[in-house]
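To begin, one chain is listed below as structure tokens, in the form predicted alone.
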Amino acid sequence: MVEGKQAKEQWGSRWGLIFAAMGAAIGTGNIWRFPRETAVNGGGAFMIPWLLFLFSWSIPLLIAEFTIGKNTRFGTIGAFKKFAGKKYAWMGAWMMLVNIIIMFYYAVVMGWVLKYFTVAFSGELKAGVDTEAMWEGFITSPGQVVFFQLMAIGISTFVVYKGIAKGIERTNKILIPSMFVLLIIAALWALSLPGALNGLKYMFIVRPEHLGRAETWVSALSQSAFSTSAGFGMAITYAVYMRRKEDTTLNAVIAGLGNNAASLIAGIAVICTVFALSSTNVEAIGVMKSGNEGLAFIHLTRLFTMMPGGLVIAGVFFLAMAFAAITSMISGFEITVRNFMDHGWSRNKSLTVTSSCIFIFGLPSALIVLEGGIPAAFKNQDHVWSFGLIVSGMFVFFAVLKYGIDHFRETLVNTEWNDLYIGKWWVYIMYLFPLQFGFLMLWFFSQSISLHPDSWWNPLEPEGFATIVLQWGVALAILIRLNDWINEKPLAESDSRDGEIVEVEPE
């Protein structure tokens, strides 16, 4: 039932949108995943394909998403209904589903970060403290984990409740510049440590043998895609609130470059700290391989206690990570909220349902039986659904292909308001999407089998191949089956129009 047209919402300024897009892109993956992937994949050898995929996957996809969102003025479901055709509304529903499932466990991650922010400023981090026991003690305390999960959801709910200009834009305008300042402080502090040069050399020197490994290239592509939120639906959703004369191309480029800049600064801070305080490079690489959670909450936390002034820098580090987590969380909330609002719900009702689902369905990631210090449900959801973003990216490619890639570029991307002209190169790059997608999926599936040779066929194996096929298959079958029902729900009149918007009809 349509509850009526909502009050018009728009970004207050161009930089408000850019900061919000950067906030959605920059998350905990920039701060713990990028340094780890760089260290274990040959340093500079990893950065070459990582930068290449920024321009061959992430930025072209962000350009497409921003353009679709601006010209349809609807979230992911409405955008696919209007742009690709009603037969493909389920693709937009898939994007929303992937987003909210990721939010189920990302709220738990944000809770962990908030917990360690309080630990850093409480005086609990002292020289000689057993950081592994500290982590185990926290993660096996259901009350604490759920409390900080609720805190994460509460913060995100409040920001999204305030709306676009007064909530999301204002928050990102404060947190994104602050996060960059904090990361720079942490990086400069790390560079001042004796032995930090070892980490800097390891990070940037190219090791040619790694360039010949498929894993290096796949890791670089997945890092670029996940980190920039390309395929997440964020760009489609945030573009709904663009002004008519807003440029989509330069915004996408700045958001992508800003995301990579944050990753580089965080990489310097983390890698230099680890290498400076490890007795050998072998020991340092072992620390970097310890997994995202182990690196951030066990090993890096222990190293902070060994640093001169390390307790201060620990507070700075976890505050920066908290800011990154918050800005990513609020974009995830808004993606789902926008889809409900497109079908006539109020922002308050949409937000209530969204936050309740994220809490309830996030409880398994917070509580279910531990495996090596991490909840099994968390491992499963992260393994299965993070790669769902790549499938979402291919759905966006399909929509653009259906419209006509060069026609899309000429009529919708390159407008009279563009600051940056997109040439024919973008068309050629878009045609490479299926190749990049196939390469990544083949590796992902083969790894899911080879790393679990005795259990990959078991759907109960959290990181096996069978669980991917089962969960994706069930989700896709249900969404395709519900496609007609989705289309029966009328789209509410857009609340974000600014003058005449191009009406997009697929060819």
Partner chain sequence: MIRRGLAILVILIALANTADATAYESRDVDNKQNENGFDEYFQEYFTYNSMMEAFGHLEANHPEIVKVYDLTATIDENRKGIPSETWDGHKVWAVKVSDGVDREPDYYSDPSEPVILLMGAHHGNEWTSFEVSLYYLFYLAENYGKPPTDNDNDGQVNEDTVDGVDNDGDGEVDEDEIEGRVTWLVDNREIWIVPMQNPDGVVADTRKNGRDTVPGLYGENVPTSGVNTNRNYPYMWGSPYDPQTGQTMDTPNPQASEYRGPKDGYDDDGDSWIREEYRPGIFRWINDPNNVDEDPVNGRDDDNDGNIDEDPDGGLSEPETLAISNLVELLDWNNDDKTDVITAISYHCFGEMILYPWGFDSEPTPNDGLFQYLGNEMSESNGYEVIQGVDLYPTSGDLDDWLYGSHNIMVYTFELGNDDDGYKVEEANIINISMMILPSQLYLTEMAPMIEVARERYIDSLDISLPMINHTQKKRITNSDFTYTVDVEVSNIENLEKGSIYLYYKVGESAEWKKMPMKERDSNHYRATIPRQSGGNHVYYYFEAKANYIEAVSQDGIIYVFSPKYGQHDPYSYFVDISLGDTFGAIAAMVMMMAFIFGIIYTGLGKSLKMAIDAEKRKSRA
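As the structure is a computational prediction, the values presented were derived from the model and not from experiment. Residue numbers count along the first chain shown, from 1.
Form predicted together with the partner chain: not shown, discussed below.
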Q. Is Met47 one of the residues lying within 4.5 Å of the partner chain in the predicted bound form, judged by heavy atom distances?
A. yes
**Asked** Heavy atoms within 4.5 Å of the partner chain in the predicted bound form: does Arg213 have any?
**Response** no
Practice prompt. Tell me, yes or no, whether Ala133 is in contact with the partner chain in the predicted bound form, where a contact means a heavy atom of each within 4.5 Å.
Written response: no
Would Asp419 sit within 4.5 Å of the partner chain in the predicted bound form, counting heavy atoms only? yes
Note: exactly one of Cys357, Met307, Val146, Val253 sits with a heavy atom within 4.5 Å of the partner chain in the predicted bound form, namely Val253
Exactly one of Asn198, Thr411, Thr118, Ser290 comes within 4.5 Å of the partner chain in the predicted bound form through a heavy atom, and that residue is Asn198
Partner contact check in the predicted bound form: of 190 to 198, 161 to 169, 308 to 316, 321 to 329, the stretch with a heavy atom within 4.5 Å of the partner chain is 190 to 198
